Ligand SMILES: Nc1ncnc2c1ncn2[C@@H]1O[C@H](COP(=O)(O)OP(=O)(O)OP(=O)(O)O)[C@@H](O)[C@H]1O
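In structure tokens, one chain follows: the form predicted on its own.
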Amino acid sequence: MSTAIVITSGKGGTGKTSLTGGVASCLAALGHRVLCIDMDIGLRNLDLTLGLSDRALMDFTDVLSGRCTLERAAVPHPEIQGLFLLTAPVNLPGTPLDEAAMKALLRQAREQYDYILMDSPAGLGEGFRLACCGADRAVVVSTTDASALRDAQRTVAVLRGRIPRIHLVVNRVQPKLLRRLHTTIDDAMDTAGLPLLGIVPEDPQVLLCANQGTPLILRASRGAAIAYLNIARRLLGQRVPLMKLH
């Protein structure tokens, strides 16, 4: 059965887009058909993370309006079999986007893909509501700093009652900083009020690969790349121990 997952955060800078691309790449590498949908209208970056910026020409609003079919708009990755991207428009549309049309798009996508990962814009605006309206699961991404966790709490409060399964990913973790702050991942879980899906260490390879337009899993086999793979396996229902960060 196909699953639509919204990846969201209360604020920008948590690494949500890198996580979306990384986990989607791993799900595809594990043999699943995966559609990434960039929902961040006007500020899209998922195409850069996946290395598809020159290939993604049509966007999800073209599909919503009937100007283009999903099959034509979804761009296949040239190196990772089973991975596709449906990008966001560069400019804001002239009229509000319809949630019913978005749900219809997701129903169509569920017939063609095993997993649909939607990269929601940060914050709680229209783009966030559109990304959440047809999701089966939500992943809230936060760093360990107090402002990110406070915003994650607010996001969770909005999601509860709308999406049945919500999990937390603590991203860009720096163990030395945690020790200096006298805090732990458990503290982050308690603050966000969510069960933990995974932790991802701060990794310079993430930024390097994004700037080079190369999915992380094609270049790295440790650090964040392993963390993304672990999260993908947990989404598949596998029992995977948490990474030990030193």
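Computed from a prediction, not measured in an experiment: that's the story for all the values here. Note that residue numbering begins at 1 and tracks the sequence as displayed.
Note that the form predicted in complex with this ligand isn't included here; everything after this is about it.
Q: Using a 4.5 Å heavy atom cut-off, indicate which stretch of 50 to 58, 63 to 71, 199 to 207, 22 to 30 touches this ligand in the predicted complex.
A: Going through the listed ranges, the match is 199 to 207.
Q: Indicate whether this ligand has at least one heavy atom within 4.5 Å of a heavy atom of residue 77 in the predicted complex.
A: So residue 77 does not count as contacting this ligand.
Q) Though only this chain appears here, would residue 171 touch this ligand in the predicted complex if you measure heavy atom gaps against 4.5 Å? A) Answer yes; at least one heavy atom of residue 171 falls within 4.5 Å of this ligand in the predicted complex.
(Q) Since only the chain is shown here, I'm wondering whether residue 102 would be in contact with this ligand in the predicted complex (any heavy atom pair within 4.5 Å). (A) No - in the predicted complex, heavy atoms of residue 102 and this ligand never come within 4.5 Å of each other.
Q.
residue 230 versus this ligand, in the predicted complex: is there a non-hydrogen atom within 4.5 Å?
A. Close contact is absent here: in the predicted complex, residue 230 is far from this ligand, nothing within 4.5 Å, heavy atoms only.
Q) Which residues within 102 to 127 place at least one heavy atom within 4.5 Å of this ligand in the predicted complex? A) Stretch hits: a single one, 122.
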